[in-house]
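In the block that follows, a single chain appears as structure tokens, in the form predicted alone.
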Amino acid sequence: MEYRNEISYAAIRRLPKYYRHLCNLRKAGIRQISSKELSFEIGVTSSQVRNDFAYFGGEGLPGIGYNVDLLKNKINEFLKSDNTLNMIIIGAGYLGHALAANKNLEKKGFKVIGIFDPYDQFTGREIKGIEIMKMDCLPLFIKRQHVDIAAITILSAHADEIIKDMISLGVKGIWNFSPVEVKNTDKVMIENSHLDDSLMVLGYNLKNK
């Protein structure tokens, strides 16, 4: 697939929202949708929708709009890595367990190959056939296995040191659910996903509705 120009970071963050909405439309049996309808659902202008899709050739037809299946597949092709990305999970509590058990991860190109936890109470148990290991097993594991992403689900200040360890061990991508805010560097890409932040915003909006 040929791309027209450099896509903005803001547009990249919108693409999963488009994709999720298109999947729901497909399930509802809807085959076509206009940029105006998409703009209403995503919260951007119609022209912004058209600009976002033009980058990878997602062009609609005048008076008809976009083919839902075609557009969904184009977004998936654009976002999905050419190869499956191997992921480890640090933290086997409720959140880590939920991630490891998420069947959609592998469908989208992310394979969980290891689960680690600093507390002995979890080690030795299994999630989806993967044994939970102690943290001191990590360096050798990463040395022997190709690890692309580390998902940090430990919700404590100790996550800061763990993230530093992951970077020093050569992990190139961090999916960070901890309360620690981490910035991208030339060595690692970070995606911060702070669940508490979203909940606080929801609470504020409810209070001030």
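Only a predicted model underlies this, so the values are computations on that prediction, with no experimental measurement involved. Heads up, when I say rigid core I mean the largest set of C-alphas that superpose within 1.5 Å between the two forms. One rule holds for the numbers: they count along the sequence shown, beginning at 1.
The following text describes the form predicted in complex with the DNA, which does not appear among the structures shown.
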Fill in: Of 161, 59, 181, 69, the one that lies within 4.5 Å of the DNA in the predicted complex (heavy atoms)
59
Item to complete: Answer yes if any heavy atom of residue 140 is within 4.5 Å of a heavy atom of the DNA in the predicted complex; otherwise answer no.
Response: no
Discussion item. Can you work out whether residue 63 and the DNA are in contact in the predicted complex, taking contact to mean some heavy atom pair no more than 4.5 Å apart?
Written reply: yes
Worksheet item: Does at least one non-hydrogen atom of residue 10 fall within 4.5 angstroms of the DNA in the predicted complex?
Response: yes
Worksheet item: So in the predicted complex, does residue 168 come within 4.5 Å of the DNA, heavy atom to heavy atom?
Response: no
Discussion item. If contact means a heavy atom within 4.5 Å, which one of 148 to 156, 45 to 53, 170 to 178, 23 to 31 is the stretch that engages the DNA in the predicted complex?
Written reply: 45 to 53
Practice prompt. Verify the C-alpha shift of residue 44 between this form and the one not shown: is it 2 Å or more after superposing the core?
Written response: yes
